[in-house]
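Only one chain is given next, in structure tokens, and it is the form predicted on its own.
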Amino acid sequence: MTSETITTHPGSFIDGAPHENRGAPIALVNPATGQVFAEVPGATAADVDTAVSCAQRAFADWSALGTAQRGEILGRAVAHAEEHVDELVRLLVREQGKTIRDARIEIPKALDTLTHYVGLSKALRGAHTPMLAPGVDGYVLRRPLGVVGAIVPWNFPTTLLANKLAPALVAGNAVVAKPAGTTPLTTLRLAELLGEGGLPAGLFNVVSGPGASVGEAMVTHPGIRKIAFTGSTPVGEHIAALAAKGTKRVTLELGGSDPMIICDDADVTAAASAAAMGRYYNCGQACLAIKRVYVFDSVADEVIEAITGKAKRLKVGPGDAEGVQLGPLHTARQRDEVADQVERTLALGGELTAGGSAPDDPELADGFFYLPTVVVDPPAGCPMETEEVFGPALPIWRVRDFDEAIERANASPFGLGSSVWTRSLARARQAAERIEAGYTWINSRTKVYDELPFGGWKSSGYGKEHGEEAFDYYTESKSVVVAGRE
């Protein structure tokens, strides 16, 4: 295999320009080839401090603007970035490993989220309570927090950033963002493009590097008033503990093990298609992926056959290759973890109907590939049911009835997303009310909408992203009482 040319990058984007980090270099690996293609120095606590200081200066002018003015400026910046979608797609495929098809969904979706909040900048309303007493009115005042931090994982570097960046900026804050140490390049380029499009310098800063050093420097920095984090539950809990000192605000979008219930009256073809797409999209590396399927006995064979068939037909290969539907996992460690979860589950029981190993194609041997996998009826409480499986492996269980399906769906520490397929309105309503999760799709693919608030229950997190509700987590509210009239 031809070796890749190794490029270098300063590592951060601070005060409207590339900034040379002062830490040790981090090797970026192409997941499809296993080869290093770039080196990026990691940021230090001093680099974080520089970013925060620049953000504080930018915040003073930005927060003084009208909300609609902020939206107009952000809108022009987004319009400029939209002219470079293909460039961002190529960067994302190389550093993250996803397919071109998936990257062409992610990049426009990130820009759409920014545009959505541009629109909301002209629609924000406050609360007014007249006549609290004779001659006394009340209203609620909202002000931006100041400098906020966004810590983003590697699986969706741009969409998960936009979920935080958009409401933060429109609400009047300045942002210091940290992409995952293995996927900084797309985020850094997006920051440059937004700056070229007119976003004021210092308003959106990016510092790259390891979470253990750069992330902790952000969480503990006294100049950052809020941390928005997406990632694993253990890391989220650690961030919450660190943020407690200084009473920082946090929003945490953490792990998930989303169940799908397929009832005996469901559109089986559509449900099976949604299960396969929901599990194998982005090589299964999504918090909101379908990770457990519970299907009624009477339709189980049909569903299992359909999902297994789809898994076997998916074309696996490098993300930039023609027609590829499933790229590599992001790292060798991630691939090995999924393989271990499947192996430990099968050791306890269950039937492997698809996948269960790396592909045998020698052209893929150096990449971090794993075949789309289906395991049927493993024992209750097996690793694939109790742990978050962050890769292309799906367990399916037969269940007797609706009550058993709900009970099994809720038997998890996670509560991020969920879905149910049924033609019964009564069952649909019960599922929405009884499933312990922050989002439930009924007869629908698992797509998140900017118009609706999104956030997990239980070990899946705290706070909301998307929707107007996101502004609640980027503003301080104050009750104001006005007495007397001339």
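Sequential numbering from 1, following the sequence displayed. This is a predicted model, so every value here is computed, not measured.
Omitted from view is the form predicted together with ligand NAD, to which the following refers.
- The chain is drawn here without ligand NAD; in the predicted complex, the stretch among 136 to 144, 88 to 96, 388 to 396, 358 to 366 whose residues come within 4.5 Å of it by any heavy atom is 388 to 396.
- Residue contact check for E82: none of its heavy atoms lie within 4.5 Å of ligand NAD in the predicted complex.
- Although the partner is absent here, T251 is not a contact residue: none of its heavy atoms lies within 4.5 angstroms of ligand NAD in the predicted complex.
- In the predicted complex, ligand NAD stays beyond 4.5 Å of every heavy atom belonging to R225.
- With a 4.5 Å cutoff on heavy atoms, R408 does not count as touching ligand NAD in the predicted complex; it lies far away.
- Contact with ligand NAD in the predicted complex holds for none of G71, E106 and L194, as no heavy atom of theirs lies within 4.5 Å.
- Contact with ligand NAD in the predicted complex, judged by any heavy atom within 4.5 Å, is made by just one of P383, G350, G317, G211: G211.
- Just one of P167, G149, P179, P259 comes within 4.5 Å of ligand NAD in the predicted complex, counting any heavy atom, and that one is P179.
- Contacts of stretch 237 to 251 with ligand NAD in the predicted complex, defined by any heavy atom lying within 4.5 Å, are made by H238, I239, listed in sequence order.
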